[in-house]
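Consider the single chain below, provided in structure tokens and representing the form predicted on its own.
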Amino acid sequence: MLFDFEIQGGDFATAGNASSQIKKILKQLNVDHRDIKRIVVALYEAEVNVVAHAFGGKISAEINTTEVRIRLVDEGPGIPDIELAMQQGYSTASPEVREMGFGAGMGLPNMKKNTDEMHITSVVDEGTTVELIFFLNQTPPNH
């Protein structure tokens, strides 16, 4: 099954809509609650990153009986140093975003911790693509 969602940059009121919808779908499919939790956590973090840092983006989710693959493609400033961005606590969020309670620098590390595979590609001044892969009915990974 394939699902597509749009994300509007700066629209924190709708951040989390895709992860909520994916959660409902996974529950209907009787996916293990531990898998649902890690998928929803990682996807929510990814959505908030797009809202906080990009002009907008798209989410594509592919769900089958053995895995969930989620691809987020945004149009934004890109990530100049992915290794630095992966460090807990590192953030480029604006003061306004931080005042709303976001931008603590835990988004990418939390995404990595909750996925089985995560791939990031980014081009400065163009955007970022994040692929999140979850294998279902397995013990959560320890990254």
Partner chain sequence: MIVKEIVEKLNLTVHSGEAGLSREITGGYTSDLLSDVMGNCDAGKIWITLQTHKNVMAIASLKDIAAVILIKDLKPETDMAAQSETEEIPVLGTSLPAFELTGQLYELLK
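Everything numeric here is computed off the predicted structure, so don't read it as measured data. Positions refer to the first chain, counted from 1.
Keep in mind that the form predicted in complex with its partner chain is missing from the display, and what follows is about it.
In the model of the complex, its partner chain sits beyond 4.5 Å of every heavy atom of residue 91.
Although the partner is absent from this view, residue 57 stays clear of its partner chain in the model of the complex, with no non-hydrogen atom inside 4.5 angstroms.
Interface residue remark: residue 112 is not counted as part of the site for its partner chain in the model of the complex, having no heavy atom within 4.5 Å. Of the heavy atoms in residue 12, some are within 4.5 Å of its partner chain in the model of the complex.
For the candidate spot formed by 23, 44 and 102, every residue has a non-hydrogen atom within 4.5 angstroms of its partner chain in the model of the complex. In summary, among the residues 31, 118, 85, 40, the only one with a non-hydrogen atom within 4.5 Å of its partner chain in the model of the complex is 40.
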